[in-house]
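Below you will find one chain, with nothing else, as C-alpha cells; this is the form predicted alone, and questions on how it binds or moves follow later.
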C-alpha cells in the first residue's frame, strides 16, 4: 500500500513538496493537498500591478494536481489528532493520513491600523495604485514605506518605494520618500555587498533610508523613531506574520512549528512542516520551497524510495525588481558573506522570484504552453557605475 501523504496548504511550499514527492516517490505515495482555493496565485510579481506594469498570475490547482499526481481537497486545516493520524478542517471534515506535511503558511497581521498594507492581493494592489495616482496628480508628496518588526519579508517594500521614485522622476514630480526598517542594513540578510548596493540604489532614487528603526505605531502620518520623528501623508507597510498555532501541534511562543533539518515537527511522529508556518526566522518563498524539498525527500525515503534525504541548508535567492531593472541577490546562509553575490544578471535558473527546484521550472513550462510572455530584455544604468541589466524572466 502506498504511504498516504496529506499536505495542508496551497502555496509555494505545498506545491513544491507535492511536485518533489511525485518525482522522488512516484506511486509509493498517495498524496492529497488540502487547500481552500481552486487556484494557486503567484504573488511576488504583484508589486508591478500598482504601476500597470504586470501582476500576479494564477494557475488552476486541478491542472497542477493532474500533472503532479495528487488529489485536491478543498478546505483549511484546523486541528490535528496526532495520536489517531487524523486532521480536522475548519468545516468539520476529518481526513486520515500516514504522513502530514503542514505548509499552510503564517497568519498575516496588520501592524499599523492607519497604514496601507500590501499583501500582494488584488485589493491591496488597487489601494497602492490609488496612492500612485495621487502622486501623479500632485495630491500626495510625502510617503513612508515602513517595514514592521517581527516576521516579514521586506523586499517587496523596497520594490514599491523604488518604483514610485521612478514614476515620480519620469513625470518630473518632486516627492519626499522614506524607507523605514528595523534592519541594521537594507536587505542586509543578503550580505554586506548587497546592502551597500541597495543603499546606493535608494540614495540615487532620492529615498531617505532609516535603518535600525522599529516603529511601534503610526498615527495619521506621524511616525515616531528613536531620536527622530517623521511627518508624512501616507504610510505603506507589509503584514507581520504570526504562527498558525494549530490545535494539536506543539509550537513556540509565537505559534510557529519547530522543525528539524528534515522538516520533522519536534515531538510529533509523522508530522512535517515547511515554509512560513515554521519557526525559521526568514519568511521567503524560495526558502519555503527548500524546506519543502527536504521534507519531501525524507517522506519519500520513508515510503521506500531510493533517495538521499538531504537536510535543509538555506541558500537565499532574491530578485529586487522594478519596471526598468532587476538585481539578483544570492547568499549561502551557512557559508556567510563570503558566499554572497549581487548582480544584474541571473544567478540561478530559471531566474524567478520564487526559486523552487521543482516549482520554478514547472510553472515556466505552463507559461510557455499557454504562450504567456515570460520576460523582456531591459537595459538600464544603476548608480555611478552605469551597469547594464537584463531581466531574463519575470513570471514563473
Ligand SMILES: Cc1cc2nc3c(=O)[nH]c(=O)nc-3n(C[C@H](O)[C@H](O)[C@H](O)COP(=O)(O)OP(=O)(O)OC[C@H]3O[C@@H](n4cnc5c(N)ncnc54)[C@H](O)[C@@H]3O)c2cc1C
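Residue numbers count along the first chain shown, from 1. Keep in mind it's a predicted model, so treat the numbers as computed, not measured.
Keep in mind the form predicted together with the ligand is missing from the figure; the text below concerns it.
In plain terms, the part of the chain that comes close to the ligand in the predicted bound form, with a heavy atom within 4.5 Å, is 269-277 out of 167-175, 224-232, 248-256, 269-277. Of the listed positions (94, 84, 119, 212), a single one reaches within 4.5 angstroms of the ligand by any non-hydrogen atom in the predicted bound form, namely 119. Of the listed positions (180, 155, 135, 326), a single one reaches within 4.5 angstroms of the ligand by any non-hydrogen atom in the predicted bound form, namely 155. Using a 4.5 angstroms limit between non-hydrogen atoms, residue 191 is distant from the ligand in the predicted bound form.
The ligand is not shown here, but in the predicted bound form it comes within 4.5 Å of a heavy atom of residue 286. The closest non-hydrogen atom of residue 36 lies within 4.5 Å of the ligand in the predicted bound form.
Among heavy atoms of residue 299, none comes within 4.5 Å of the ligand in the predicted bound form. In the predicted bound form, no residue of the candidate spot (17, 263 and 311) has a heavy atom lying within 4.5 Å of the ligand. Heavy atoms closer than or equal to 4.5 Å to the ligand in the predicted bound form belong, across 1-35, to the residues 8, 9, 10, 11, 12, 13, 14, 34, 35, ordered by sequence position.
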